[in-house]
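Here you get one chain, nothing else, as structure tokens; it is the form predicted on its own.
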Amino acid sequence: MELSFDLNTLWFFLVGILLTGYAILDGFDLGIGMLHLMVKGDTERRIMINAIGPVWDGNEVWLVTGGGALFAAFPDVYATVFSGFYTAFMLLLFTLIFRAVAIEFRSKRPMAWWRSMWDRAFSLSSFLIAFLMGVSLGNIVSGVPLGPDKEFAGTTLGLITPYTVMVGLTTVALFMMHGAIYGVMKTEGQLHDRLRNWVNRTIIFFVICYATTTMATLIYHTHMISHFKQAPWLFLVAVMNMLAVANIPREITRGRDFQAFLSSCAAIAAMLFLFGMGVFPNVVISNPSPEYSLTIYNAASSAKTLKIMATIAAIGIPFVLAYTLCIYWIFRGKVKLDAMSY
């Protein structure tokens, strides 16, 4: 299908932008969570939690907004995905709630066993959230069985395949790298130096996972490159993605932590753009019956609804951006523990 631009395409990219914002912002929260058990002592773990303390709940607003936009623009997709992936999404919702509880409850008691219990809950839930999101993306790429009534015709266990597990592990590696870089930017002293060493290790872990997943995608899911054949300029995004990842260790070595973090953000944005262009104009690919796929046209709201929602988005998104920028500006700088800290 030729690339064209209309309201349906606009909303496809708007939903993608909102979910990309979530991946970038909550991605380092999840990365911090997965690295949380690797630091030493209660003080360092408190520093890790307080590095994301002022922003983690605000970051999740992007997920809620993205889900709301998906419901408004593509209600059939929302209904099919949330019913078909019901067990997986309930597990994801549970881990999101449990992770928030772990952050809030950890410092309510001074006992070592109490804090250790919630530390483990925080790390495990962070890992599961990242992994489940990756598995969901993997299923969008490989396709899921859909019927002519737009209903999911598979099973929960059928969603777990070697390819989707591979995408899940790649997502885990990506967020660990992103979180390590954010941790370097927000800490100082011995913890800062230790996290700096972890950045290179997480980059190696991510590159191995990403290269393996990319090869599997090119071999088994060739539909993901169809638009790149029609519009060769899209290959530049793939090049920019590789350059952004390669620039991270360069900036870390030079002590430019913020620039390394920006490169990590750019890499996430580029990867999700490549994912979006790969599935476009589909939103949910049907496998083995591609004629039943949910696209930006057969699963969309009416043109009037999309137009009204576009006006609302034009008014609302700047407020979300302003709120996000304001919070990050207020809480910029290194983490300092005080009486108000977690």
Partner chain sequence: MDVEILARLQFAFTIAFHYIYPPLSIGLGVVLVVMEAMYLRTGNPLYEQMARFWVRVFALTFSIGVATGIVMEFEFGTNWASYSRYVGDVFGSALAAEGVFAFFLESGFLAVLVFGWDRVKPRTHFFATCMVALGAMFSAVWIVVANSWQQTPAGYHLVGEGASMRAEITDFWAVVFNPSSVERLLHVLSGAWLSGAFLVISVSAYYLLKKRHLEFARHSFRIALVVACVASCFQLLTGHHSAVGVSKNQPAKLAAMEAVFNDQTHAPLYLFGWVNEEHQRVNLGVAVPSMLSLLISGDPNQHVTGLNSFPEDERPPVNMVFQAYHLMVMIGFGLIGLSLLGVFFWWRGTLFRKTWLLILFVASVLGPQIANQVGWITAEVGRQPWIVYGLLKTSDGLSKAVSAGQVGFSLILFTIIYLFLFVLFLYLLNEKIKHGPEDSESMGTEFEHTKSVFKR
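Numbering follows the first chain given and starts at 1. Computed from a prediction, not measured in an experiment: that's the story for all the values here.
Below, we refer to the form predicted in complex with its partner chain, which is not included among the displayed structures.
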item: Which of 92 to 100, 201 to 209, 228 to 236, 259 to 267 sits within 4.5 Å of its partner chain in the predicted bound form, heavy atom basis; value: 92 to 100
item: Any non-hydrogen atom of K108 within 4.5 angstroms of its partner chain in the predicted bound form; value: yes
item: Residue contact check: K304 to its partner chain in the predicted bound form, 4.5 Å heavy atom; value: yes
item: Partner proximity in the predicted bound form: M38 to its partner chain, non-hydrogen atom cutoff 4.5 Å; value: no
item: 4.5 Å heavy atom contact, N282 and its partner chain in the predicted bound form; value: no
item: Contact set, 121 to 156 vs its partner chain in the predicted bound form - heavy atom within 4.5 angstroms; value: K150, E151, F152, T156
